[in-house]
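Encoded as structure tokens, the following chain is the form predicted on its own, with no partner shown.
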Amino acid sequence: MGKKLLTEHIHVPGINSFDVYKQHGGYASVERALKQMTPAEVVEEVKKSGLRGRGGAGFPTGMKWSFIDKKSGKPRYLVCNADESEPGTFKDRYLMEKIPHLLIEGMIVSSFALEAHLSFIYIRGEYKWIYELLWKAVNEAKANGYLGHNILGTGYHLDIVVHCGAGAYICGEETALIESLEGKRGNPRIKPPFPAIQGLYGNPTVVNNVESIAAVPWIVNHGGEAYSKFGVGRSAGTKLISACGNIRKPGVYEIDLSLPVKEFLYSDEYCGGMANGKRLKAVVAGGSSVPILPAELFLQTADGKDRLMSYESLNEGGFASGTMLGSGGFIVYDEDACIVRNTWNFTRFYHHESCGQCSPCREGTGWMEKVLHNLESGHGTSGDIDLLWDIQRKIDGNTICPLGDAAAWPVASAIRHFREEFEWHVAEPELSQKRNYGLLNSTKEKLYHTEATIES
């Protein structure tokens, strides 16, 4: 069984309370950082750890901290991005709901490293019950001397505000989050300037994901080098994966990033294999915004190497034959899943959640939704497939924020790897209208795999 750095005590009864959390070593990193280390030393340990942002982009956390403006004399802010809205992703919710003090502890140490005295947790609007849990944890920490003025007699003071958003996916993008936190519409900002120079209220700001901040206490307690020994290469440490779809054991799993994808998918310790004895068809490895991969490319790279659950291994081959770890939203499709229908569902989401600021995204996501709906409902034409490809190509890379890319990549990869399924929807409109997916595989084999059938 792999080493658990974040979830070791998560099933301890009462671990969501201050007293029980403290009994199991909680807040030790606060005492160590504030009493024995300087802010620069904390930053250096996080750099040594190789911790990368766990929200999707995978940017080195310590490096991001080092970019913050230290010369202007302006107040600095740490903002925790708890706006977990990526379809297929629910690992931050798991942490905040089960062990909220781990996040608060990480916020204190990270704020100290940045020399911030006011920090924010921006939580998605649908997590209202967790919003209350976080405020309870903040108040407990403050009542016990770990927040407020002169923390533990060290002269350092910090307040944390928990702010509930209004349920907009776009506010997961850090500059849109900042706009929303300031009370404005959550439209992404053009960068530069980057938040590290001009962020919240025009002041230097670092925005980090829940899981990223929750990893900091372990790093401070045990050292950056110890953390870097987990994982593989530049994919250091452990990662929380939200596993769902057609598997026997959906849930949140903490994995070492050196874990082979086959082991994660099929071992009883993790997903437990495919549900109902079905065959694996495809996997979305990192949330709905990353490219989908067919089974043969997900389990192995194009040159025959076994894939690992690491940033580099999943991306090996680029988008032609690879994908991204992203936020760790692991969605598994069995042989009966309809790729066209699932892609349409993703596109409906991105069309609905587009802020409308950029015309390629505003118009393009709507067109992709309409074309995919036509194909799914049996009204598509052969030209629709090429039209879809052209639309996603004109969105990708042409928007202020990555939502446009997130909408384009699933469509591009679905066509790239499952074009014959799109063609099936055109060739068999009556079955598409009836949504008779049970006949999809046999029909595809009849239409597109005749030679293979004869040879066998």
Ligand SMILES: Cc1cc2nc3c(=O)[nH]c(=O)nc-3n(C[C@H](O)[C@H](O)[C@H](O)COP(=O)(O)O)c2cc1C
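Residue numbers run from 1 along the displayed sequence. As the structure is a prediction and not an experimental result, all values here were calculated from the model.
The discussion below concerns the form predicted together with the named molecule, not included here.
Participant: Would Tyr169 count as touching the named molecule in the model of the complex under a 4.5 Å heavy atom rule?
Facilitator: Close contact exists here: in the model of the complex, Tyr169 approaches the named molecule to within 4.5 Å, heavy atoms only.
Participant: Classify Leu388 as contacting or not contacting the named molecule in the model of the complex by the rule of any non-hydrogen atom within 4.5 angstroms, answering yes or no.
Facilitator: Flag for Leu388 set to no.
Participant: Leu403 near the named molecule in the model of the complex, any heavy atom under 4.5 Å?
Facilitator: It does: once the named molecule is placed as it appears in the model of the complex, Leu403 has a heavy atom within 4.5 Å of it.
Participant: Look up in the model of the complex whether Ser85 has a non-hydrogen atom within 4.5 angstroms of the named molecule, and give yes or no.
Facilitator: Answer yes; at least one heavy atom of Ser85 falls within 4.5 Å of the named molecule in the model of the complex.
Participant: Looking at heavy atoms inside 4.5 Å, which stretch does the named molecule contact in the model of the complex, given the options 158 to 166, 271 to 279, 372 to 380, 208 to 216?
Facilitator: Residues of 208 to 216 come within 4.5 Å of the partner.
Participant: Let me know the one among Thr238, Thr323, Asn81, Ser310 whose heavy atoms come within 4.5 Å of the named molecule in the model of the complex, would you?
Facilitator: Exactly one residue meets the criterion: Asn81.
Participant: Pick from Pro410, Gly26, Gly56, Gly50: which has a non-hydrogen atom within 4.5 Å of the named molecule in the model of the complex?
Facilitator: Of Pro410, Gly26, Gly56, Gly50, the residue with a heavy atom within 4.5 Å of the named molecule in the model of the complex is Gly56.
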